[in-house]
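As structure tokens, one chain now follows by itself in the form predicted on its own.
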């Protein structure tokens, strides 16, 4: 049997990558049929004008998981208003995987997300409000507890309040005791609220 020598295409690809470094080529590379080219383009276009919009647009159609991961990483590294706005828009996506990936990316941007979260927590869509609480879970920000307390005092949707109570079990302090008691009384006929608030009150009281 003759010996078959496989050609290594990686050195060639590295050479091509070095040659095509201009922003126009990089942004065009986001739509290349080859996922390897799309990954490198998504990584290297970070300083290109219009890159955030191009990356967000690509996410709407990108099916390769590895390319999506690089795009989200690049948008997180950018962290500029256009990148953040693009990530926030995916909270309304019908694609659960895309939505969850965007949430994970936003968790890495506490300073950039902080000015936006107050509006998200008051969004007309209860699902968006729940997603906003989920972002708070990993958002190391001094206002997290205050935002959660505002949710359980003012939000009328039981699922939003339940999500907030679950997080207060982990981050709540004595400041949460009275708001939790008020929520427990407000949803006196809802078994899960009764269970979750009792658990939160017990945990905070023992802390």
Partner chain sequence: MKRILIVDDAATVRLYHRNILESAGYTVEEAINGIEALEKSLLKPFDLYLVDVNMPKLDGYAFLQRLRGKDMSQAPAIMVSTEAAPHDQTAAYRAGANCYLVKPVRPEQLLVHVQILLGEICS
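This is a predicted model, so every value here is computed, not measured. Numbering follows the first chain given and starts at 1.
From this point on, the text means the form predicted in complex with the partner chain, which you will not see here.
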With the partner left out of view, is residue 169 within 4.5 angstroms of the partner chain in the predicted complex by any non-hydrogen atom?
-> yes
Considering only heavy atoms, tell me if residue 97 and the partner chain come within 4.5 Å of each other in the predicted complex.
-> yes
Contact label in the predicted complex: residue 177 to the partner chain, heavy atom within 4.5 Å | no
At the 4.5 Å heavy atom threshold, is residue 154 in contact with the partner chain in the predicted complex?
-> no
Each of 84, 115 and 122 near the partner chain in the predicted complex, meaning some heavy atom within 4.5 Å?
-> no
Which residues within 109 to 132 place at least one heavy atom within 4.5 Å of the partner chain in the predicted complex?
-> 127, 130, 131
